[in-house]
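Before any questions on how it binds or moves, here is one chain, the form predicted alone, in structure tokens.
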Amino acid sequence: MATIQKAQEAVAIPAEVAREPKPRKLTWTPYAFMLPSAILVILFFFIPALILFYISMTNQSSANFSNPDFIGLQNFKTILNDRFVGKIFQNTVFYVVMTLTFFNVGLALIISLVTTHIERRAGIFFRTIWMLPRLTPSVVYIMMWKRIAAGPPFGILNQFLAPFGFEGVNWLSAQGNPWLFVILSNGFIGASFGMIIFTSAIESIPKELMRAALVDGASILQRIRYVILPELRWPLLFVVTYQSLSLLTSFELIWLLTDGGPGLYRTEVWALTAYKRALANYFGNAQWGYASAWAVFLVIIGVILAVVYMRYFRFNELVEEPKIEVL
């Protein structure tokens, strides 16, 4: 006991010394490390955003590319007066919420939790399988989904359902359920991204926390609820924010799978409409100014969502310095 007491006295720090604040030296080293990222953000985000805002206030098109007229907010008024804008906005919200909730975050988290609680080699094998949709070229990937959803006698899904008495239908037509395949095709790709982030975060949790939970008799669900999920606030914030913005601006798979149909704007989302107005206009006149106005709405919505997510996940608490208690 005397030896332990002497050791504690030897390493003890007087209270007046511990409480004395240390002067901080002004250094430019952190700013030097941040400079390359700041330059990239300015060049590839802020400047293009400013250009986008300017073009959205003109009537620039392929007919008057060199000398567009400044028309102010006329493009935005045209969008708000469009009778289909409400339908397109509802499609976008439905697509983002469903894909993000059930696949990009939900399924990704489930895969990560399952594959990190089984034998390591088996977990790596299953995670590799889930990476295949992301590694497959988009055209080939969508051709596979079209074959699955095709009508009889070629549709793979109809061939499986036929023995159960289901009548065959083209699932991408008006009589089918095209939204199901739009969400599934996008979700399987999005789940692989979240799976990588969540798996890395789970495996980096200190083993001492997991062992302490086991000693306390915590079940698997209790370990997930009280140990793992609290440690995933940073990865959850990143995945939810990044995937929300990615889904808002994505249209490639929808374009290849349904082209916004069947029918009139059945599965068309906001980004696909902006693309069509800019580069695939039915009238043969690329309306770059009008399409930029559609894109400006996406920029505004993306900024709002990012702020909401940072407040919900308490971003300030995540970046604050750890508190050191003085004994």
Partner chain sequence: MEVVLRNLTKKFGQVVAVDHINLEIRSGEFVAFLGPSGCGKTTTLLMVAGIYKPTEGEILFDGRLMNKVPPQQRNVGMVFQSYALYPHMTAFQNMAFPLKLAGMSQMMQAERVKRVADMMGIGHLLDRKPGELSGGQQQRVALGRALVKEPDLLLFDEPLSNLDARLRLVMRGEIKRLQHELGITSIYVTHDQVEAMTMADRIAVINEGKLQAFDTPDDLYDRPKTLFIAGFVGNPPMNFFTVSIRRENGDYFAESEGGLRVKVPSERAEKALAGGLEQVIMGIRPEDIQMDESGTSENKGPVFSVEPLGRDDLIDVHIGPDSVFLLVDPLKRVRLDDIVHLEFDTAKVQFFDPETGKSLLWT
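Positions refer to the first chain, counted from 1. Only the largest set of C-alpha atoms that superpose within 1.5 Å between the two forms is called the rigid core. All values derive from a computational prediction rather than experimental measurement.
From this point on, the text means the form predicted in complex with the partner chain, which you will not see here.
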query	finding
Interface segment, criterion being heavy atoms within 4.5 Å of the partner chain in the predicted complex, picked from 78-86, 91-99, 221-229, 166-174	221-229
Proximity of L180 to the partner chain in the predicted complex, heavy atoms at 4.5 Å	no
Distance check, V105 to the partner chain in the predicted complex, heavy atom within 4.5 Å	no
Contact label in the predicted complex: L73 to the partner chain, heavy atom within 4.5 Å	no
Exercise: A213 in contact with the partner chain in the predicted complex, heavy atom 4.5 Å	yes
Interface residues of 232-252 toward the partner chain, as seen in the predicted complex [heavy atoms, 4.5 Å]	none
L221 C-alpha relocation of at least 2 Å between the shown form and the other one, rigid core basis	yes
